[in-house]
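In structure tokens, one chain follows: the form predicted alone.
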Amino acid sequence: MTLVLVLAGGAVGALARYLVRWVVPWSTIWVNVAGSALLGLLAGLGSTLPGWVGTLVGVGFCGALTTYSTFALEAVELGRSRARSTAARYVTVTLVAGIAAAVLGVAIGRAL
């Protein structure tokens, strides 16, 4: 059952990430920040949720939606293209916004 939940959540998360790529510029930042917020929300809700929700949404959906590898590659490519200040801003914005989104998600989850 766990594998089915991860696969189902992962399929939806991967599709969402693919679609966001075609609609939103700088899509990697947005999917990582959204995934951080959602995972934070799940963590904040904690044991009020059934365990299968964490598996489906946290592991499956958020795991497929977010991408550290693409973030790292894009930062390296920006740095190599002599756009080092843009690369530094990209890394900073992604990390700060992602952590802030997770903190906010946890706070909202605990308040609910």
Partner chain sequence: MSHRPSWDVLAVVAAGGSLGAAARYGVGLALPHDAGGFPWATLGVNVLGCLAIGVLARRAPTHRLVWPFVGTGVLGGFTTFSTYAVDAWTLADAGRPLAAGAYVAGTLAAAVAAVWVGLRPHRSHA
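Note that the structure is a prediction, hence the values are computed from the model and not measured. Numbering follows the first chain given and starts at 1.
Keep in mind that the form predicted together with its partner chain is not shown, yet the notes after this line are about it.
A residue is said to contact a partner when one of its heavy atoms sits within 4.5 Å of a partner heavy atom; R80 meets this definition for its partner chain in the model of the complex. Interface residue remark: L45 is not counted as part of the site for its partner chain in the model of the complex, having no heavy atom within 4.5 Å. At least one heavy atom of R21 is located within 4.5 Å of its partner chain in the model of the complex. In the model of the complex, at least one heavy atom of L3 sits within 4.5 Å of a heavy atom of its partner chain. Using a 4.5 Å cut-off on any heavy atom, the residues of 20-41 that reach its partner chain in the model of the complex are, in sequence order, R21, W22, N32, G35, S36, L39, G40.
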